[in-house]
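Just one chain follows, in the form predicted alone, and it is written as structure tokens.
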């Protein structure tokens, strides 16, 4: 029988994130995170066997950028894989790196997620995705008027506002509850060196004083567009014990999607009728927890990083993935349960609501969760973190990734 390799994270690196990193080109931006990661691990570039990277090239107007920055990402003369899955790109890159080691194919894999959005236009990039929808609709005999009405959801903020309304109706959450999530995230981000929106004195009133973009979401509730990169080293259990003081073992991974698109076929499906239902998120969590041997995530997980560009999503995700009971998240945030010194801290990095370099964002969630286990996070929680979760979201509000980590390897697979 083949021996199953136990992958572990030994180092995570970042570059400084901002709305426009005009001081560097894309290769130099990525290299900052790579150098930070490798230096912290105290290894040499030659120790890396393979590289997995990902970004959203349509957002930047530079297709296959990895082909011209190999020297900057330690990939020269090495196997290189690019993964792109929308907002979950970084999570998918992490999972690809995990399987590259777990399969026994490589001993040391460098994972890289990045985005330099200031080089292009994200809206134009998103519009290019819509071309595929238009092409299939025309084959189905849709009229131009019908296609326009079906695709008029208002891009990410439009979809998120529908989602917010559905969640608020279910949970009785208020706009103040949404603003409270923003305040917690951006105050946390102020304590983390690499983040984008650092607002140490922001208040709920400050958030509610900004104009609506699409009700109930206000300008002050929306994530920024960031330039930035994240890097992570994944290796075998044996090498991890030799290199890291506290190796972070990846005990469970999963990636699920419950619908092909927000509009489905002729506006059908839960993505359109109830975008906060998130069956894919629940299934993905179930599989990842099962691999990690976790039966009661709200009791067994010490720390969580969830992918939430909008505050309603953070409240929704922590419920859908089993950290809180249905409709109980708003109260938990009111009572400080998710704060830095709370029972179950969430997004002490500041989360995606404070920093959103799209190709990196879903990798920064497991990276920050791993650093909490190592005791090396920029905004370290006071309690000891043994088990943590990194969550990603992407696609048309429906593609979910999960990475479950611990300071001990999980031997009982089920």
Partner chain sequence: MVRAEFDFWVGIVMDKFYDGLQNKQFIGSKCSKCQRVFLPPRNRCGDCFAKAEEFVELPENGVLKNFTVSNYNVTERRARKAKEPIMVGLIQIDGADTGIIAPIINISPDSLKEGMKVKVVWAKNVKGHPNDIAGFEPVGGG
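Everything numeric in this text was worked out from a predicted model, so none of it was measured. Positions refer to the first chain, counted from 1.
Keep in mind that the form predicted in complex with its partner chain is not shown, yet the notes after this line are about it.
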Please tell me whether any heavy atom belonging to residue 61 falls inside 4.5 Å of a heavy atom of its partner chain, as the geometry stands in the model of the complex.
yes
Check whether residue 31 has any heavy atom within 4.5 Å of a heavy atom of its partner chain in the model of the complex, and answer yes or no.
yes
At the 4.5 Å heavy atom threshold, is residue 300 in contact with its partner chain in the model of the complex?
no
Within 4.5 Å, heavy atoms only: does residue 290 come near its partner chain in the model of the complex?
no
Where, among 307-315, 69-77, 231-239, 321-329, do residues come within 4.5 Å of its partner chain in the model of the complex by heavy atom distance?
69-77
When its partner chain is considered in the model of the complex, the residues of 10-34 having a heavy atom within 4.5 Å of it are 20, 21, 22, 23, 24, 25, 26, 28, 31, 34
